[in-house]
Ligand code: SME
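The data below hold one chain only, encoded as structure tokens and taken in the form predicted on its own.
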Amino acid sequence: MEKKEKYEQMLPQLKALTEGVNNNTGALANAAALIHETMGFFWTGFYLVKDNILHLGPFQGPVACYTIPYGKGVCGTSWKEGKTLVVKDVEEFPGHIACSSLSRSEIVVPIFKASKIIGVLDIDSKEIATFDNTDKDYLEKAMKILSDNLI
């Protein structure tokens, strides 16, 4: 199945998994699991803004960094710039924070709630240049669905 088809099937599932759920941690955990299992990524998870730092939230994959400062690494930069970042080769990203030496490419999508960034979706791949505009477009749609359903 093509990447686009996987995303097309995943979005309604994400909506069904999170709609009417009064449990943000559970919704984020199920969202991470759904994206991770559907797409087969190396690491899929959330970092949530608290006290002006990104803190590790629900994820799927190997162990991860606990905190990421504002403007640091791909996650902190996405938060600071307020936009999705697609990094073809993490070793070429200035200030990349290596939670795993196996990570080679990355996409980070901010999560907006009432025009404020409340966290980011972070996805890593073991392969260079895994992510493209298809991933960007669909993961932004996924984070909109998730944001609409978070309390």
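Keep in mind that what you see is a predicted model, and the values were worked out from it rather than measured. In this text, residue numbers run from 1 along the sequence as written.
Keep in mind the form predicted together with the ligand is missing from the figure; the text below concerns it.
Among the residues Ile68, Leu28, Ile35, Ile111, the one placing a heavy atom within 4.5 Å of the ligand in the predicted complex is Ile68. This chain is drawn without the ligand; in the predicted complex, the residue among Ile118, Met39, Ile97, Ile53 with a heavy atom within 4.5 Å of it is Ile97. Residues Val49, Pro58 and Trp79 are none of them found to lie within 4.5 Å of the ligand in the predicted complex, as judged by heavy atom distances.
At a distance threshold of 4.5 angstroms between non-hydrogen atoms, Val86 is out of contact with the ligand in the predicted complex. Shown without its partner, the chain has Asp122, Asp124 in segment 120 to 139 as residues with a non-hydrogen atom within 4.5 angstroms of the ligand in the predicted complex.
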